[in-house]
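Taking the form predicted on its own, here's one chain by itself in structure tokens.
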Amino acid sequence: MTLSKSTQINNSKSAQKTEYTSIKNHKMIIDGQLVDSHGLDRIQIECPATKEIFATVPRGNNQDVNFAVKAASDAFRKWSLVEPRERGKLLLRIADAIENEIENLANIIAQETGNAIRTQARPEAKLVADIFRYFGGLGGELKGETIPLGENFLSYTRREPIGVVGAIIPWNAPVLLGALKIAPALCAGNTIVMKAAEDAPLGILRIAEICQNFIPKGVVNLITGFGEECGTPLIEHPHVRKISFTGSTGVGKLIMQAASERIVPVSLELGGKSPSIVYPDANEDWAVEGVMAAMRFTRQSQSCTAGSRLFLHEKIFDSFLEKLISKLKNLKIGDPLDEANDIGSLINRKQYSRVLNYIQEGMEHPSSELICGGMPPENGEMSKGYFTLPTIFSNTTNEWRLAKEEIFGPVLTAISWKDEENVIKMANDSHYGLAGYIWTHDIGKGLKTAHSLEAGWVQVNQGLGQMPGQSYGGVKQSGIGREFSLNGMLESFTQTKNVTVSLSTPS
């Protein structure tokens, strides 16, 4: 069963499409001010859908990091003393301001990331407003506990902010992932210095600009630059008291090593190679559509939660794949600012080449079969940007490289299974442990399988993204710490202090 280059390439020009703008020079935000870097160098921002430069940002360095951390340190004491509910009210006002800019943010996200505006960029912008609103409502939940030591003592704990948070975010969902650090950090009373991804800094820069209208200067600082030039100085800075990182497992290990030198707490949301297990009773359209959503095809599968290992029961292997291919045909690839399109482009040339190398290896592997997709066309509209085709390989083993490594592109491996115990073993045979997906009408079996998976975030009969209030994060080499939730805020952005008072009268 082979169907190559099956997904539609959409070349239509929507009347509502926003045109790409001319080059604009942006600045960083430090101590409430829009500033250039000390070195005055700049980074060019490429639109991945056109391969054209459309903006520049400052190329930050160690001096800029020092300036930003000092500003955050100076702002911390006063901000940490603001009554928590008042901090929450300010976050709610930021949420309202973001909601008024949904379309502007959606256009920025689509242009800088290549993510389609209808299926990805606009939903991301809306979720960012929800994130600020959710954490804005948690100001009153920064509670401690009392410890029953008897009538002669009052012993209690209190949640206190940690200090200056150093945050680093990736390019795949930069505005959402940035909001997931800014909002809980501020609610808990911390200040923050964030380094944006050099490929997609503009959306989160706009969020930081909005924040300046409601919070004191120095509370939120946004620097732009390369990892080795300003990311490393940030995580090694002696006045940064907490590090929050989202990105690759390899970089996460380096950050953890650096943090260990100063005994600084870290939160790491890292890579994934998530299993999607389909039982034979789920050979239906709803499950097929769920698998597509879990694979994040409409985000070009540039997602750490992508269900990129598809375990199909042998009884439904061929028929399920036929349904999946049929539905993939209807997805339209093209200009991310065109409302008609479902899928945009990969982020940059490096990632594009990396994904194509995996596809080429899969096509040459002796025991794999190309089911759909493959190499993108070398000519035509798709060749003007970093566009790829949703690609599926079938293989009998979970051991080959495409089933082991995080590709971060639309490459799905389909593996047949017969024995339930064996498929769970295969699903867990990974150094990753971020997400998992299970598809079955038997809810008891689905829950049992969910409990057996070595993953921090598991869904049964749905392939949705994360929602505010959920506890989201990984196990094994997919990271430590949690996001999206009250507990995540308390664990990641506060520290516990115990106070004990003797109630007996001193002699």
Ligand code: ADP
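Note that the structure is predicted; figures quoted are calculated from it, not measured. Start at 1 and count along the sequence shown; that's the residue number.
Although not depicted, the form predicted in complex with this ligand is the subject of the following passage.
- This ligand is not shown here, but in the predicted complex it comes within 4.5 Å of a heavy atom of residue 171.
- Among heavy atoms of residue 198, some come within 4.5 Å of this ligand in the predicted complex.
- Contact check for residue 357: no non-hydrogen atom falls within 4.5 Å of this ligand in the predicted complex.
- In the predicted complex, no heavy atom of residue 259 sits within 4.5 Å of this ligand.
- With this ligand omitted here, the record of contacts in the predicted complex names 227-235 of 121-129, 227-235, 278-286, 173-181, defined by a heavy atom within 4.5 Å.
- Annotation: in the predicted complex, residues 291, 293 and 297 none come within 4.5 Å of this ligand through any heavy atom.
- Only one of 248, 422, 100, 155 lies close to this ligand in the predicted complex, with a heavy atom inside 4.5 Å, and it is 248.
- Just one of 363, 147, 254, 340 comes within 4.5 Å of this ligand in the predicted complex, counting any heavy atom, and that one is 254.
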